[in-house]
Every structure is written in C-alpha cells, then in structure tokens.
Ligand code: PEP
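Just one chain follows, in the form predicted alone, and it is written as structure tokens.
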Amino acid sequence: MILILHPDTNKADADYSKLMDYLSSLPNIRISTHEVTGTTQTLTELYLIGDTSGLDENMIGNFEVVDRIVRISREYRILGRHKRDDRPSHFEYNGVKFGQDNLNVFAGLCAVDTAENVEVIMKALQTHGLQCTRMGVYKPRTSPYSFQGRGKECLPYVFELAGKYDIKVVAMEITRDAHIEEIHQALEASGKPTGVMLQIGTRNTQNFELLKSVGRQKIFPILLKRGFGITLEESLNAAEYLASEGNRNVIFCLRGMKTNYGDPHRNIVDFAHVPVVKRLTRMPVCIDPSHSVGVRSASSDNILDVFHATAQGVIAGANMVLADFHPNPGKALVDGPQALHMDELPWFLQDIQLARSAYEKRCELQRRQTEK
C-alpha cells in the first residue's frame, strides 16, 4: 500500500506525527518513506510493506495529511503501475524531461578515446539541436586484455566540452562505487558545466550491491540496461532495487538479448518489449539499437539495420535512443564496426522523426477508436 501525502507536507506538523504514530502501531508493517522533489513542490510517499490486506483504507484516509491511497497491484512497488495510480511517469534533470510521453536522443561515443573526437561529437550534436550524449568512460570488457576505457583522466575534458557545446546530460557507464565519487568530484572541479546519467551495464544488472549503492545516491538519474541473458521480470526487479534505495529517477534500457539465434546481428532485438515495460512500470524506456544489431549491414533498400531497429523501437513508443557514433569508426577502440558515421547523424535524426510521427499518429488513431 502506498500513502501519498498532500504536497509539501511538513514532517514537523502534528498531523504528520499522528499519522506516523498510527502507522508505527500496526503489527508486522514496515514503513518506507520516499520524497519526490519537483520544481515547485515536494511529494512524500509512504510505502507500507507487509500484509496490508486487512488495513482500513477509510481510517487511514481520514488523516489530514493523506491525499490518496494506492493499493499495490504488482511486484514492482515503487516503479510499477498500480490501480488508481495517477502519479506522474516522468522526471526532470538538468533542464531535460524524461518521461513516457517524450523522446530524447543520446548519440555519442561508445568509448571515449581522444578529446578531439569528443569535441567533434558534441559540436555536431549542438548543430543538430541535441543536448544529450553518451560517452563511455569506464568500459567493462569480456577480455581482460581489451581496452577498459580512459577512466577518470578523461572526465575533465568530457565535462568541459559538454559545457562548451551546451550538452545538458552525459550518459556514462559505471562499474563500481568509486566511479560515482570520481564523477562527482570531476563535475565539482569543473564547475558543474553539465549533468551525468549513471548507466548500469547489462553485466551488472544483477550486481545487487552496486545497485544499492547507485540507488542510495540521489544526485544522478540512472539508466539501467536489461540484464545479460536474464528474463524481463528479473531486470525490472533490478530497477526496483535502485528505487527501493531512494532513487527512482530510473530509465529502463532494452539492448537486445544475447543468443546465437540473433545471428547475424549481435543480439536478438527485443524492442517489442517497449510497450510491455511502459505497461508494467512508470519508467521511461530506452532502446540501444547499436548494441542490439552490432553491425553496419543494409538490405536492398539501402537502409542500415541499425536504422530499421531504431525505427521499430521508436514507433513502439520508446522514450530514449542510445546510439553509437564515431568520427572515424575504423580507429574506434571499442565497437567500431557498429558505430554510425558522423555524416549519417542528420539522416538518423530525420528517420527517428518519421518513426516518432508515425507513433503519434497511431496514438491519435487509437484515441479516435476509443471515443467511438
């Protein structure tokens, strides 16, 4: 059960104390408090964990500070969609909105190699009106001898260039707790010219201690990739780990399923799950066509498979696209064969616009059918 209190409820008020005294007296019920701070108000939500089936909703609803009560209808208590639950399914970070009703494109380097390439990317993004990018700084690799990323040494120039070209959010993967502090310190030292979205990679989706640590920090939003060869339910529970620790500014990323049945693609594209995740949870849904397809192949229509996969996800309602670009893919230190070329960026963005327009028209068609 979730108790949503009136906006800007003061915890020092007697009415709040009365409610907490009552809830604390309930046997075998644990209370977890979550606050959602927006631009104009703060919402407090109380999660009653335990057997709540016998609780009297009318009695709880009579407390002055209680705005409404939501019965939990599925396993994902915080991030899930529940009956009579009209809480917003979006959040804002550094001036950028992330929700189930809009679309953001994060084009950039799978792995940062040189400051020159970072600047080429960010300048191109600004030219085309984009304010978000991906920049791989810490790179977990299958082979211990493969390039592992530039690490914290490249953070200063990544952040400086992001500020120079008005990039608001930089998505970068982390693999351990220390990376959070390194990013925080580098941002502070550079004067906070941009924002960072922490990415949990597919290999770490079930690294529960890392999930807890990332969830406990509330500075940075989180992009969680679907787990490496695990079920959708298991991955969604990983997202719930993050939210249960306090940070529910989480975006769920579909990046293909690892299996040879996907050959010649790197993975089987799983973008049909975009509407499923939006139905089960309130999280915005990201697609990663670069890692799903993993090749620069094209069919007789001369459209790259990566473009086709992107369109499939966007036309299904995706809210974020994570795509690899590189000024010279042949010299990329990670995943060069799948990277798109810089002269393909405007084409890529126009293709996304077409797919998004088709999605919006489909939604309008559905509304008209519903009204009949």
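When you see a residue number, it is the position in the sequence shown, counting from 1. Not measured: the values here are computed from a predicted model.
Unshown form predicted together with ligand PEP; subsequent notes refer to it.
Contact check for R203: a non-hydrogen atom falls within 4.5 Å of ligand PEP in the model of the complex. Not displayed here, ligand PEP is kept clear of V112 by more than 4.5 Å at the level of heavy atoms in the model of the complex. In the model of the complex, E173 approaches ligand PEP with a heavy atom inside 4.5 Å. At least one heavy atom of K139 is located within 4.5 Å of ligand PEP in the model of the complex. Only one of H291, R77, H273, H179 comes within 4.5 Å of ligand PEP in the model of the complex through a heavy atom, and that residue is H291. Taking R150, R248, R255, R282 one by one, only a single residue has any non-hydrogen atom within 4.5 Å of ligand PEP in the model of the complex, and it is R255. None of 156-164, 211-219, 93-101, 195-203 except one has non-hydrogen atoms within 4.5 angstroms of ligand PEP in the model of the complex; the exception is 195-203. Scanning 334-358 for heavy atoms within 4.5 Å of ligand PEP in the model of the complex gives no residues at all.
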